[in-house]
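First, one chain by itself in structure tokens, the form predicted on its own.
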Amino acid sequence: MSNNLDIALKSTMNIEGAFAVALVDYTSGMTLGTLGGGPDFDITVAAAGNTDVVRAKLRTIEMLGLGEPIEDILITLDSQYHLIRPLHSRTGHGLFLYVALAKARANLALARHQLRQIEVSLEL
């Protein structure tokens, strides 16, 4: 698992504008792997905090009876995009990929496409 996870994290960091990435278990808030971040951006704290976002959205979808999975969640800041992609594979249930992107360097449509491709190739 760790070799495939390392490849997925490195591939995500290769997305234009990416400066931090994590694979997160949203049931516990624990990260399974991280890459990037730094003193000005603690990826572990950001990833754990976003578990609340995922849980809240899943509850809302359930309460509304929409019956559709979340493709991704986008949070837009002045200088950053935060993209959350819950995994839908059999082995990825309960996990999400989280990537923080520098808005000035990122192409959001391309980043979403690349993250989708990384999810497909990720086997845990």
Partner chain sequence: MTSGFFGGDPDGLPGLPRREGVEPGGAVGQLPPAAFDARPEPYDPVLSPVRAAMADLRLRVPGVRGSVLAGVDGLLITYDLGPEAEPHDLAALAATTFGLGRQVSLVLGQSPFRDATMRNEGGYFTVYAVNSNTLLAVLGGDGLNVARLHLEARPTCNHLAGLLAL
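Since we're looking at a predicted model, the values are computed, not measured. Positions refer to the first chain, counted from 1.
Absent from the display: the form predicted together with the partner chain. The rest refers to it.
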4.5 Å heavy atom contact, R55 to the partner chain in the predicted bound form: yes
is_contact(G92, the partner chain) in the predicted bound form, heavy atom dist at most 4.5 Å: no
Contact label in the predicted bound form: G33 to the partner chain, heavy atom within 4.5 Å: no
Partner contact for S79 in the predicted bound form: the partner chain, 4.5 angstroms, heavy atom: no
Contact stretch among 47 to 55, 60 to 68, 33 to 41, 80 to 88 - heavy atom within 4.5 Å of the partner chain in the predicted bound form: 47 to 55
Stretch 4 to 34 - residues with a heavy atom within 4.5 Å of the partner chain in the predicted bound form: T27, S28, G29, M30
